[in-house]
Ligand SMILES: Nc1ncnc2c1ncn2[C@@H]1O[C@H](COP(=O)(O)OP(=O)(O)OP(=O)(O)O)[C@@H](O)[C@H]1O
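Single chain ahead, by itself, as structure tokens, in the form predicted on its own.
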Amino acid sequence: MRDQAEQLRERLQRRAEGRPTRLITVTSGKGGVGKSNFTLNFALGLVEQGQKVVIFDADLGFANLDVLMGVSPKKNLLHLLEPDTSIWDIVEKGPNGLEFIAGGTGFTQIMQFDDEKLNRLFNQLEFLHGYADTVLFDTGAGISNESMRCILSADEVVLVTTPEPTSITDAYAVIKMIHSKNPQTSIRLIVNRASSVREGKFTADKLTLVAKRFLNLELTTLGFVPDDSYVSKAVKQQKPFFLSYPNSLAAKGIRDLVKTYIANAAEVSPSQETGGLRGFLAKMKQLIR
């Protein structure tokens, strides 16, 4: 059992300082682009900058954040339906103070919950509001109904792609879908596994130009993560490359991304009451019902 009094103190302190919990949905057009690995290491980069971060693993088909960390979660989202289980009982500890919630296939089932179960679930999740500085929702790839609910409920969406033509095409399909349903959603692009700065910039520029021409959408590029053999080594070791190989090109790329994100965070400033995590949960509940 975690120290709930300590969690409450931290939460009240953040609320007193007027800091809403930011909610970032991370998605991709297709699988296999390194989305979950990016989410994990980006989160650790935020932790390095002094942020309190919680990752929610909402990738229905390939929930693997625990595998990437070498951690076996004891509880998942569905345990919140048990009478004596609170949000603090399902928040698992990861490396360097990072925390995460295992969702997996349990996330699919909430779409069929009755009002009583749904209210209990969302009431518990709202306790994270004011506790964490940032909550990262790692969704499944593509435009499934579950992923789109997460995307459309968020103030901020980080879209991960690679320079591969199929990945670019699928990423644009996601951008087009998001824009058609909610043009106000802020989309930030990440190019993963770029062989060079030139390739990363070329890929980002291609998507940016197409989005501007056909959707009249100003797409923001957050940055690039270099292709790096240390990434696959860390995956095999079930450790984040940001910690195992802190001087690798990929880790340096993550640090640059984090600095850019923090510097530009004011561009998407969630309201204390209607934005961030609280707004995300309210929108999610409406979309489910």
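Start at 1 and count along the sequence shown; that's the residue number. All figures in this text were calculated on a predicted structure; none of them were measured in a lab.
The following text describes the form predicted in complex with this ligand, which does not appear among the structures shown.
**Q** Can you tell me whether Gly50 touches this ligand? I mean in the predicted complex, with a 4.5 angstroms heavy atom cut-off.
**A** Answer no; every heavy atom of Gly50 is more than 4.5 Å from this ligand in the predicted complex.
**Q** Using a 4.5 Å heavy atom cut-off, state whether Gly45 contacts this ligand in the predicted complex.
**A** No, Gly45 sits far enough from this ligand in the predicted complex that none of its heavy atoms falls within 4.5 Å.
**Q** Might Ser248 be said to contact this ligand in the predicted complex, defining contact as any heavy atom within 4.5 Å?
**A** Residue-level check for Ser248: no, no contact with this ligand.
**Q** Is Leu243 part of the interface with this ligand in the predicted complex - any heavy atom within 4.5 Å?
**A** Leu243 lies outside the contact set for this ligand.
**Q** Since the partner isn't included here, can you check whether this ligand sits close to all of Ile151, Asp155 and Leu257 in the predicted complex (heavy atom within 4.5 Å for each)?
**A** Answer is no for this spot.
**Q** Among Met69, Val54, Val33, Leu222, which has at least one heavy atom within 4.5 Å of this ligand in the predicted complex?
**A** None of the others qualify; the residue that does is Val33.
**Q** What residues in 235 to 262 sit within 4.5 Å of this ligand in the predicted complex, counting heavy atoms only?
**A** Heavy-atom contacts within 4.5 Å come from Val235 alone.
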